[in-house]
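Have a look below at one chain only, the form predicted on its own, in structure tokens format.
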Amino acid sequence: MSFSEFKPLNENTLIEYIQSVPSLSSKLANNFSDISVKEIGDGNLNLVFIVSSSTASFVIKQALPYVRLVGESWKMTKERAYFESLALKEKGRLSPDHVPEVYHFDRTMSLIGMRYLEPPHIILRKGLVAGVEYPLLAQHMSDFIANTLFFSSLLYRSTTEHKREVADFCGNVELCRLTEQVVFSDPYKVSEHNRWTSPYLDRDVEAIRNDNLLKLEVAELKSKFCERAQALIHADLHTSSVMVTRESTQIIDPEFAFYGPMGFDLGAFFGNLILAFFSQDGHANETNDRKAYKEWILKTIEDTWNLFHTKFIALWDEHRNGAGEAYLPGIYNNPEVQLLVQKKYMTELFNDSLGFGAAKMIRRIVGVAHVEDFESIIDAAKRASCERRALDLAKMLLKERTKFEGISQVVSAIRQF
């Protein structure tokens, strides 16, 4: 079979493909006698295969020319695989302990071969549904986010280098437009793609569509998302884009990556942890009320921000006399002005994170793509009750995000809902 033009692979044709690619076949020591291929893609967009033998294993991810969740009626560029491979390599360079290595990329086939994150690695979202604690999660996520955001920003880079890197990712426009649609547009209007736990949330959905203040705030966030090339962001950093064990945290699936507002990554992670928090009452039972686990989630949110803040400022202080052109040392040349600049910068980043996180929460409850945290709650009335509390908090956070002065205040607000 020729692989000179794009064709979706299956468990049989993928073996032929691997045999034709030295960088992949050599991983298996060119031994195909006991090779096995299993398609595990359960996401919204792509085909994902685990390839294994007695010698080695790896993952193959292939982008389809449509949104898999919806079907061929919703066309989608295959070029997202190219941007995902770029992002994996760059983020792997900046945070090598938390990004799987890329072995192979084929632009024609829109295909990436990468390290297989072997068991007991699981999707973080599944661990959150199961009530598993990950003691290093906040430490690892703050490492990844601080390093990948700081070192791809103008705090570290010259404007020339930064614009060159921004240009490399400008072509990922279709996935940016998908985010613009499903996060900042569809939830606030009638859309064929929206769904929710009906009839329980019917009035809540109508209230969102009629909330003028909410629409004003969402418009401001959409503007920042579209216009602000602050750093190389993952742009889809929810809890299904993180694989974990108790000792390891690995970030996957950066196909939405582009240069955007830093707060979008932080907000996505925090927003999905908050969704997990509100879902816990739907998973509680007579033997486990999940109250202790809810407190662990809140502690993880608080620790992640506090650790991120500390690490980001430390990187800034370490490199303040470097090539970064955001705040030239000849101008910002005394401790007082440095502190003023950092406080203003981090306050805006914190407020952005709350706003983007809230928008991500809303779209996961009333938009096209929902989360297992809630969807796995069988009782629809109970599920809707959990979702409504999350929705009410999200609306408040989005509209009042600038009133919060620290993460502890946010955690207190979550408890109140």
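The structure presented is a predicted model; accordingly, all values stated were derived computationally and were not measured. In case it trips you up, residue 1 is the first one in the sequence shown, and so on.
One more form of this protein should be noted, the form predicted together with a further copy of the same chain, which is absent from this view; the next part is about it.
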Task: a further copy of the same chain contact at C176 in the predicted complex, heavy atom, 4.5 Å - done: yes
Task: 4.5 angstroms heavy atom contact with a further copy of the same chain in the predicted complex for E217 - done: yes
Open item on the list: Please determine whether E227 contacts a further copy of the same chain in the predicted complex, using a 4.5 Å cut-off between heavy atoms.
Closed with: yes
Open item on the list: With the partner left out here, check for me: in the predicted complex, does some heavy atom of F184 sit within 4.5 Å of a further copy of the same chain?
Closed with: yes
Task: Heavy atom within 4.5 Å of a further copy of the same chain in the predicted complex - the one residue of A130, L328, A314, M346 that qualifies - done: L328
Task: Interface residue in the predicted complex among V166, L307, A284, M109, criterion: non-hydrogen atom within 4.5 angstroms of a further copy of the same chain - done: V166
Task: Which of 75-83, 338-346, 132-140, 293-301 sits within 4.5 Å of a further copy of the same chain in the predicted complex, heavy atom basis - done: 338-346
TODO: Scan 137-164 and write down, in order along the chain, each residue with a heavy atom lying within 4.5 Å of a further copy of the same chain in the predicted complex.
DONE: L154, S158, T159, T160, H162, K163
